[in-house]
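Next up: the same protein chain in two forms, each one alone, written as structure tokens (structure 1, then structure 2).
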Structure 1
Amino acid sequence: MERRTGTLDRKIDRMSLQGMLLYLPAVIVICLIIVYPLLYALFMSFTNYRPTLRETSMVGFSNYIKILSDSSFWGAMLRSLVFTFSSLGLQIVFGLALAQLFNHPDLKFRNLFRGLAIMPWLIPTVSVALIFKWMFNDLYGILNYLMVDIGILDSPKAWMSNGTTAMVILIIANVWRGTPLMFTMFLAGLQGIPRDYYEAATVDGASAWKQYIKITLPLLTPVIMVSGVLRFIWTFNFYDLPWVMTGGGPGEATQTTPVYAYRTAFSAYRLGEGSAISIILFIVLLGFAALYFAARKRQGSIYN
């Protein structure tokens, strides 16, 4: 009996070792593309590294103090929050509306409509940025052409040259691309709500609006919360869409925190300060990631 137990223990140990070896390539890749760059950026943030300097020295927390006392940094943080919350709010509203519409059992060709609704999410972000940039171009943009042709405008308008309209266009582009993801997650949540609840509410005489307020929204709240926090982290960290569409301009009107970090590091060649901005951004997003995991735990891991 003891010999059989010992053999079984050795077999389990071999299986555990094999499992660890199978995990090893993924661990190596993660360390190379995530852990090493993160640690290197952390190291760089404590230096005065610039390509133009012959020697690099440690400066302690000087970069962090300089960044946190810079009005441009706080302006970029404010614009990031405006861009993120505006985009997220509209994506939730439109995502809920589309999910409710395409979840209706009497809607014909709803599977076709669902597929079409997801299409914007499949387009690369750079392509979306270029499409909207061309649409709102003052010389050959389709929007100016139509508005002048209809008579709404007397002459083409330079939409991207105004800070306010440039930020609005940036938000519209982000909403157009991000809404399909929210729609997909909300639709999955709606399909998980038992139909018995609605049938019982109908028997009790509850209207469609009351069913939506008393049944749909409360049961869908965990999905909305988790999706919102996750989408907030992604949107706040967006670099490619603002950079390709506006480059942070005009001036600093659309310069979000990731764009500010890029400009500092690779346009001004202050890589030490740029690394410090990235670490600050990482800490902020880490806090929201903690909120995401807390929300997921509270939700009961509905995706598992």
Structure 2
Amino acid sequence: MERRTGTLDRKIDRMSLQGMLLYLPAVIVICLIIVYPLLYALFMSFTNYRPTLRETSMVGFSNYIKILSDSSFWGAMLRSLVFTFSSLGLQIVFGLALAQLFNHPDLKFRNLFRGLAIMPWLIPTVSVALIFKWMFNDLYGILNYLMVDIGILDSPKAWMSNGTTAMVILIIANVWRGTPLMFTMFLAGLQGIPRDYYEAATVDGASAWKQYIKITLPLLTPVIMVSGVLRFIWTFNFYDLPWVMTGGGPGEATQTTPVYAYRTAFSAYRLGEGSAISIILFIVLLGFAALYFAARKRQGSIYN
């Protein structure tokens, strides 16, 4: 009896060990790329490290104080919020609309339309930035001339030279880029709603709009919430598009938080400050992550 248990225990232990070992490469990579650098950043944030200085010394919290009292930092945070809320809001609205439209039973060539609708996601961010810049160019931009022809504008506008309009173009580019993801998600969500819900509602005399509000939206809400927080985190910290499109300009008008972080750290090698920014942003991330887990819990509870 004992012997059999012993063998079983050993087998279980061996299997457990094997399981852990299989997962280990993934864990090691994560520790190397996320955990260790974060700890390193934490340490370095208390120094005045610059690669060009001969000696590095500890400076306590002065980096943090410098950043938190820098109006540029708070400006960047605000701009990130504006950028994120606007982009996400529009992405959700358009994504929903597209999903509804391309899910319609009367639509021909559905697969073609759906395929075309995911095109924007395929284009690398660099190209998106450059083509939107070109389309809105004050001298040669096609969209400027189209708008003049239609009558929206009197004459071609220098969109990138004004802080507000530059942000508008940035948001438009990001909405264009991000809507396919929302669209795909909503499409899957829509297809997961049983048809009989709608049929029953029609029998009961509910209009299409009412059906939308009472059936579709509530059932899609959990999905929106969960992936919404995630996309919020990513969009808030999105570096590629603002950097290539405007570099934060004109002036600081499109300097969102990631652009601010990169500029501070790398334009003058102030890596001690850069580390402090990383840690501050990490704390902000933790706040958002808490939101994410709360949202996920709620989604789980709806389905339970």
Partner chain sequence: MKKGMVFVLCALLAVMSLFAQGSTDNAADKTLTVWSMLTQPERAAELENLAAEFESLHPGVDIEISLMPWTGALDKLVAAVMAGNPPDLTVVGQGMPQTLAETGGLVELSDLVEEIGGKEQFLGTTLSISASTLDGSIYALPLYITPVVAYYRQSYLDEAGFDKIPETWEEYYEMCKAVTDPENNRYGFGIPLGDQHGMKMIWSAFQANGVDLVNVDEDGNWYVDIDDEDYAALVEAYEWLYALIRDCAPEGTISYTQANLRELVATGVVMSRIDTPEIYYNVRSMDPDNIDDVRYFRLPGRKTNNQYMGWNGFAIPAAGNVELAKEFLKFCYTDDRLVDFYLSYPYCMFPVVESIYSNEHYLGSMPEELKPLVPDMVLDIFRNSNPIALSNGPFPYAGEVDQKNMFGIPLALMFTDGITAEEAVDMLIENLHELIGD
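By rigid core we mean the largest C-alpha set that fits within 1.5 Å across both forms. Residues are numbered by position in structure 1's sequence, first residue being 1. Being a predicted model, the structure only gives us computed values, none of them experimental.
Legend: structure 1 corresponds to the form predicted on its own, while structure 2 does not. Relative to the superposed rigid core, Lys157 undergoes a CA displacement of at least 2 Å between the two structures. Annotation for Leu68: C-alpha shift under 2 angstroms between the two structures, rigid core superposed. Here Val244 does not count as shifted, since its C-alpha moves by less than 2 Å between the two structures after the core is aligned. If you overlay the core, the Cα of Cys31 moves by 2.5 Å between the two structures.
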